[in-house]
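Below, in C-alpha cells: the form predicted alone, a single chain.
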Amino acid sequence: MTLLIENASLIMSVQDNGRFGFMRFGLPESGPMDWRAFNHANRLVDNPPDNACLEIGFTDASLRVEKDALLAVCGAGYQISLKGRKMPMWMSFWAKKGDLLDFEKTPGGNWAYLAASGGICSQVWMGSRSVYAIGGLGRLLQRGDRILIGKSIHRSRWDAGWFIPQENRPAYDIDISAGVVPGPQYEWFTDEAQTAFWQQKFNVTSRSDRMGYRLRGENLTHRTGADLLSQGMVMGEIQVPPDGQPIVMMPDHPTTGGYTSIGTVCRADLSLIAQAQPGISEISFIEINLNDARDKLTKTIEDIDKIEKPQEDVWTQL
C-alpha cells in the first residue's frame, strides 16, 4: 500500500523515534519534533512505538490514499479533511483507496504526524528511518513521491474510531511553560541575565527549523563572553550566542557547539516548545533539577503507555 504526495508541506519527512549512538560521529538523534504526538499517532493504529510516521510541518499538504488503510493524525496547528469532509485529529479513521487526505494549516501549532497501520517502510540508515536531510540521510518529501506502507492487521472501518481523550493530550497553548535544568555555563551570565531568563517570556522567531528554535526576548548578557571551546550538545539544550538571544536545540541539532549553554529544556516539555508558533506563542522557563526532569519524563511516558484501546464489545454496543 502506498500514499501519494500530491502537495508537500514546507517541511515534510519520514521520522521514527530517532537514531542513537552516532553523535560522536556528528549525527544527531533526529526523530520527531513533537515526540508525544508521534507516539500517540502510532498507538492509535496499533503500531509499535518505533514505527515511522510522516511528519508534516508549517504549511498545507495533501496525500492520496492508494489502498484502504487505517490512519491516525496527531499534533497541533492543522485541520484534516478526508474527501473534503473535516475529520478530528487524535483519532484513528478508515481511508479508502482513492481518498484524498488534506492537511490545512491553522493557528495553534506547527507539526502533525500521520501514522498508518503497518508503519512506513522507507530506507533505513544506521538503524533508523529518520530523515536527516542536511546530513545526506534522505531528503524532504516532494510532490509526486510515494510512501510505502507495511502490512496491516486491520481490514475494515470497524477498526477505526479509537481516540485520545483531551486530558491525555499534550497541553498545547499560546502561553507555554517549560522546565529547564540550568546548564554548565549558567554562572557565565550576569545576575541580571539569570533573573531575566526565568522571569521574562520569549517568542519564537521565523528563523526556526528542525535544527533549532531561535527565541527573541531581552538580551541575556554574559559576564566575559559567549564563546568557549566546542563541547557536546544535546536535544533541548539552550545556547546563547553573543547577541544574547537563546537558541533551543531540536532533533536535527549540531552535535557540538561553541557558545555558552544556559540550560536544557526537559524532554517532557520539548513537544510544547516544538509546537510554539513564531511571533505568537510566549515561552517562559521554570527552573527544575535533574530528578524533576527525570520524573516528569517518566510520568509522561507512563501516561502514554496506560491509554488502552477499548475492547471490541464496546464498539458492538455503539
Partner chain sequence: MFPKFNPVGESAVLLEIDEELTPAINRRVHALDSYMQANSLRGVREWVPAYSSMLVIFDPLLVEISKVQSWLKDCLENVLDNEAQKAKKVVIPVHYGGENGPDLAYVAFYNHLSPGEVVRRHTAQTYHVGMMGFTPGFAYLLGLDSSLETPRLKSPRTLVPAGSVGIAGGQTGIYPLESPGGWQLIGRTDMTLFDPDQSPFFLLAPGDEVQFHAVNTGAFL
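None of the values given here were measured: they were computed from a predicted structure. Numbering follows the first chain given and starts at 1.
What follows is about the form predicted together with the partner chain, which we do not show.
A heavy atom within 4.5 Å of the partner chain in the model of the complex is found for one listed residue only; from 14, 11, 297, 304, this is 297. Scanning 233, 147, 164, 100 against the partner chain in the model of the complex with a 4.5 Å heavy atom cut-off leaves one residue, 233. Only one of 70-78, 215-223, 167-175, 128-136 places residue heavy atoms within 4.5 angstroms of the partner chain in the model of the complex, namely 128-136. At a distance of at most 4.5 angstroms from the partner chain in the model of the complex, none of the three residues 107, 114 and 280 contributes a non-hydrogen atom.
With a 4.5 Å cutoff on heavy atoms, residue 184 counts as touching the partner chain in the model of the complex.
Among heavy atoms of residue 264, some come within 4.5 Å of the partner chain in the model of the complex. Although the partner is absent here, residue 26 sits close enough that one of its heavy atoms falls within 4.5 Å of the partner chain in the model of the complex. Contact check for residue 256: a non-hydrogen atom falls within 4.5 Å of the partner chain in the model of the complex.
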